[in-house]
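This document starts with one chain, in the form predicted alone, laid out as structure tokens.
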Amino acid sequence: MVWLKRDIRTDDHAPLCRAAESDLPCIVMYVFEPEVRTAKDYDARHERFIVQSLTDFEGRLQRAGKRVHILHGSVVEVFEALAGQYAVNHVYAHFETGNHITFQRDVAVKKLLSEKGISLKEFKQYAVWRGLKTRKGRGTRSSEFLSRPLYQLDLNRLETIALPSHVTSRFSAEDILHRVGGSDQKMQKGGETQALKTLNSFFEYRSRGYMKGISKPAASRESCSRLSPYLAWGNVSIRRVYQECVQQAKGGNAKNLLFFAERLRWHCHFIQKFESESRMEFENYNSGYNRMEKPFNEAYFQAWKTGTTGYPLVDACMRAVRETGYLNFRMRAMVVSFITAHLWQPWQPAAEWLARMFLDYEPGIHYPQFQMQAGITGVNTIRIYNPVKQSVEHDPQGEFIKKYVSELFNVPPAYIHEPWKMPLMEQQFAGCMIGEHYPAPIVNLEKANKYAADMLWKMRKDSEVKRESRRILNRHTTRG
């Protein structure tokens, strides 16, 4: 049996290759899980992307005369039903660093399979190791993993079988597939075919603007790789991307491509951090910050979510991510900084909400990054991004702002970053009265920045924060 999770592809797929090499009849399956689908970090946009990915995957298998079973239900119950129907020798799957729900599910599946005497083999998808105590030697092992030859699947050797009707009807996913069908033209479409097209277009021409456009909210949508959702849901392997990147860099454009390759290493670095300390999904992983009080303010949270804070670039970013599922790295850092520092709000509700909005949501990257940008690790530099400064530097003419904040469309460039400074007559000419058509700033930026900076630097000197910082450095970094 091959159990698909966040690895919906045929290329560089160790479980499928091992199943094909076994010469045993094989069940290939994906299971939509009720607990995952109702979790606080799951959204309809994720489900649509998964369905698109499965449709593409199914098409690839069908063209070779093979089949995949798409089911809905408890994975443990699915395995129990299939183990009662067949003599199962092996279950092959990719090792997953997911959220708490998927981790508990994996524990339950391992227990069941062990009780039934069924072998479970999990293969690495990233340069991530479970049970790693220190980072010593990880860099070398990571490089070796990323450079290892890709798995080559011979579909002709894969013998897939049909499931009996009583199993497919009991665990039917037809309602999900039917309801989620179609696409949203404003969001990237899932599937291995689209992933490879995106990969090729990046290396062929888009990457030439990578370093120049990486921080710009508009340009980054073209010049960044846009591979993140395909990596998150496993439509393409990180080793395929990394090796192609290194190879392409030999033919030119090396500066941009090697800069990108380093960020692929960061991808595995952050997932390893989460794998080693997954409680950061819920808690401050520097426990010294538990004493820092941040009362939840529903009005602030709603204004941030809906893009009505009165700060144009923040509002444009929040509306853009709701509409398209994407923000570049710099803008993600800015909106997290704004909610956790300027609005002085706890990070957990914001992290849950953005997890649902990001089409490329990857728990292992999302939570470590969120805490880092919130300034509560005790080891990273405290960065409080000034949204006006970011706006002037990265969207000088306000093109990105005007695309997503229609109320400001007629505002002159001189005032687009700080529309509250427009004289009354200018507001009338622009058809944008501050406080009526577009909100006044929700907080005073300078005062909010000073308060947050004072509090964060004060906490940085706290004895427990320092003690936890030393622990974190010992566990998550290497000397030098």
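Numbering starts at 1 and runs along the sequence shown. This is a predicted model, so every value here is computed, not measured.
The form predicted together with a small molecule is left out here; the points below concern that form.
Residues A303, K402 and Y404 are none of them found to lie within 4.5 Å of the small molecule in the predicted complex, as judged by heavy atom distances. In the predicted complex, the small molecule sits within 4.5 Å of a heavy atom of E362. The small molecule in the predicted complex is approached by F260, whose closest heavy atom lies within 4.5 angstroms of it.
Not displayed here, the small molecule is approached by Q373 to within 4.5 Å at the level of heavy atoms in the predicted complex. Taking non-hydrogen atoms only, F145 never approaches the small molecule to within 4.5 angstroms in the predicted complex.
Heavy atoms within 4.5 Å of the small molecule in the predicted complex are found in one stretch of 277-285, 242-250, 149-157, 330-338, which is 330-338.
Interface residue among V91, L231, A316, V128, judged by heavy atoms within 4.5 Å of the small molecule in the predicted complex: L231. Put simply, of M357, V109, L264, A173 only one has a heavy atom within 4.5 Å of the small molecule in the predicted complex, and it is L264.
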